[in-house]
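Shown next as structure tokens: one chain only, the form predicted on its own.
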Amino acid sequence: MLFRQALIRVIRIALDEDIGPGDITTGAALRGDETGIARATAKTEMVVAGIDVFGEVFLTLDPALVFTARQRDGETAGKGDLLAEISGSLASILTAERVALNLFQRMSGIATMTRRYSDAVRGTRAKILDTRKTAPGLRILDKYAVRVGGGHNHRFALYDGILIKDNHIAAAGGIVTAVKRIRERVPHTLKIEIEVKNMTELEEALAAGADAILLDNMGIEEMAQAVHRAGGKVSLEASGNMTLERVREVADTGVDLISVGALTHSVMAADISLNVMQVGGRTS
């Protein structure tokens, strides 16, 4: 229910941004009573994510449209595969087209990249995580797409997880002070994760009683050393400069989690086309 409410809010804002007082081109080019069918197809191999979001955009603009999904989230579609069909008022289809594609292409692009990272670490203990580096206003969709692609969500926002980063440490006056203050002020049920840059800070975090430690931009050898030193007592997350080329090597160090900001902040949208395939008569 909460997801749907958030989704409708995102869609309405996006439609209002794109349409404003009206779609001038469609309004001038069409009589307004034309009906037809449009088909969405994949132009390259992709992991489908957001197929229902795609449909919801059209139905939010015009509930009289008929949307039929031909793929499901999580499925792999090949080049030329039919993804969905929309039938009804062509004016409505054309007006909603760009917003619908923007969201669908972004979500499928995130899921596709996440699947590649997840496949790259298969057989290791490491899980692929997202970050808060999402598009403003689209976080709920970005993080859903990561799950569809086989990844896992880090904290959703500032309010649902504790991550003491370098600036918190500097502002508080050190790791020990930051942890002490947090333990005094938050419920004991919340885990405390601390970002460290080197082995010295790792020792401080362990001594302070961290529940999890983020290894920020460490080299492979230092990460392996950190895994050995922690000895499985706390969860270790590797972060910083994570690419497909090196993620397997990072996973092989024995870290538990690997966070990849590029899943959402540098996503390449999936290539999807929407074409009017059939034009019918007038609406009744």
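If you're wondering where the values come from, they're calculated on a predicted model, not measured in any experiment. Residues carry their position along the shown sequence, with the first being 1.
There is another form of the same protein, the form predicted together with another copy of the chain; it is not shown, and what comes next is about it.
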{"query": "Partner contact for residue 186 in the model of the complex: another copy of the chain, 4.5 angstroms, heavy atom", "finding": "yes"}
{"query": "Residue 222: touches another copy of the chain in the model of the complex, heavy atom cutoff 4.5 angstroms", "finding": "no"}
{"query": "Heavy atom of residue 203 within 4.5 Å of another copy of the chain in the model of the complex", "finding": "no"}
{"query": "In the model of the complex, residue 125 touching another copy of the chain (heavy atom, 4.5 Å)", "finding": "no"}
{"query": "Candidate from 227, 30, 65, 53 lying within 4.5 Å of another copy of the chain in the model of the complex - any heavy atom", "finding": "30"}
{"query": "Contact residue in the model of the complex, from 164, 113, 196, 83 (heavy atom within 4.5 Å of another copy of the chain)", "finding": "164"}
{"query": "Sequence-ordered residues of 4-28 touching another copy of the chain in the model of the complex, heavy atom within 4.5 Å", "finding": "5, 6, 9, 12, 13, 14, 15, 16, 17, 18, 19, 20, 21, 22, 23, 24, 25, 26, 27, 28"}
